[in-house]
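Presented as structure tokens, the chain that follows is alone, the form predicted on its own.
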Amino acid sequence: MATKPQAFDPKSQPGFGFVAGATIVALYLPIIVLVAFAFNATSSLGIWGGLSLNWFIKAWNNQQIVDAAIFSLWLALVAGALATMMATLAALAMTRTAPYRGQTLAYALINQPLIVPEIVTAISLLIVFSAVKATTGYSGAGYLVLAHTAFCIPFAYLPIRARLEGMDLTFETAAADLYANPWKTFLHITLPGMFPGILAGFMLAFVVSLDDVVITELVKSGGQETLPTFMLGQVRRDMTPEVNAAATLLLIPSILLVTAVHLINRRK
């Protein structure tokens, strides 16, 4: 009698625990050190001098940091909202329509920014926007909004599509049988059901936009400093624990939002 093959368990493989532990240490130890030295009482980046909130107070009173943080939040909110709207429409077109020719290609194109190196996307956007600037003379923040929106669409699209694919079509079919038009069906049945996916997609797009450096650094014009690009500029000059404090403040909402996305997606 043939025995049933056992499922492959990666945890049982030799060296799995060591590799997993080393990976976690390599990823999170630098972040832990950064947060710890944000509370350093001295100005040294490598010598511990006791606990202090001095650098957080200085970062809060630094007008450049405050302006960069406000601009980052505004940019992330606008780009995240636009990316979520477009991702919602794309997800509906991919899941609530009959299969059509080119559907697989459309899915691949939507997710292409996840595969292409970010520097390639940034250089492509820089070339296009440079041509537009030369033609129109406009050099406002609209370019950053468009760049962040384009880059964030696939991040918002994935949880929204996953939510739609997990929704039972029975209620939408029943609404149609009860003579509800497509708009009423969407408004009262589909939208409430997919709202957790929309919320998760927006928060993910918001975090990606808030933390972005490469695209922002290449696309931005003079005076358009986000908090990540401002911190990068400070690292190139005289770096102080004030930058650690700003990085810690940037890290907190990122962790909270990513955790919220995980909890929302886990709910059935």
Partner chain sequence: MADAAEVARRYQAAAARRRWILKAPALLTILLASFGPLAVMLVYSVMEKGNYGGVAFGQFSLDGWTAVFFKYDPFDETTSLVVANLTVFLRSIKLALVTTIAALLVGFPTAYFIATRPAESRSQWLLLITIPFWTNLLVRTFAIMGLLSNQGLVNNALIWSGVIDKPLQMLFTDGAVLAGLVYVYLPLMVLPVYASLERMDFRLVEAGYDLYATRWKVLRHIVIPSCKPGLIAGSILVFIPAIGAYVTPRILGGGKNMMMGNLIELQFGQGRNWPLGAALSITLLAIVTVALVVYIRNTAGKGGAHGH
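Residue numbers count along the first chain shown, from 1. As the structure is a computational prediction, the values presented were derived from the model and not from experiment. We call the rigid core whatever largest set of C-alpha positions still superposes within 1.5 Å between the two forms.
Heads up, the form predicted together with its partner chain isn't pictured, but that's what we're talking about next.
Answer option from L164, I198, A76, L125, heavy atom within 4.5 Å of its partner chain in the predicted complex:
Partner contact (heavy atom, 4.5 Å) among the options: L125.
Indicate whether Y100 is a 4.5 Å heavy atom neighbour of its partner chain in the predicted complex.
Contact with its partner chain, yes.
Touches its partner chain in the predicted complex: L146 (any heavy atom, 4.5 Å)
The answer is yes: L146 has a heavy atom within 4.5 Å of its partner chain.
Taking the shortest heavy atom distance, is L27 within 4.5 Å of its partner chain in the predicted complex?
The answer is yes: L27 has a heavy atom within 4.5 Å of its partner chain.
Mark A81 yes when one of its heavy atoms lies within 4.5 Å of a heavy atom of its partner chain in the predicted complex, and no otherwise.
Answer no; every heavy atom of A81 is more than 4.5 Å from its partner chain in the predicted complex.
Within 4.5 Å of its partner chain in the predicted complex: residues from 87 to 103 (heavy atom criterion):
In sequence order, L89, A90, L92, A93, M94, T97, Y100, R101, G102 come within 4.5 Å of the partner.
Once the core is superposed between the shown form and the other one, does T170 show a C-alpha displacement of at least 2 Å?
Shift of 2 Å or more: no.
After a rigid core superposition, would you say the CA of A26 moves by 2 angstroms or more between the shown form and the other one, or not?
Where the cores coincide, A26 still shows a C-alpha shift between the shown form and the other one that is 2 Å or more.
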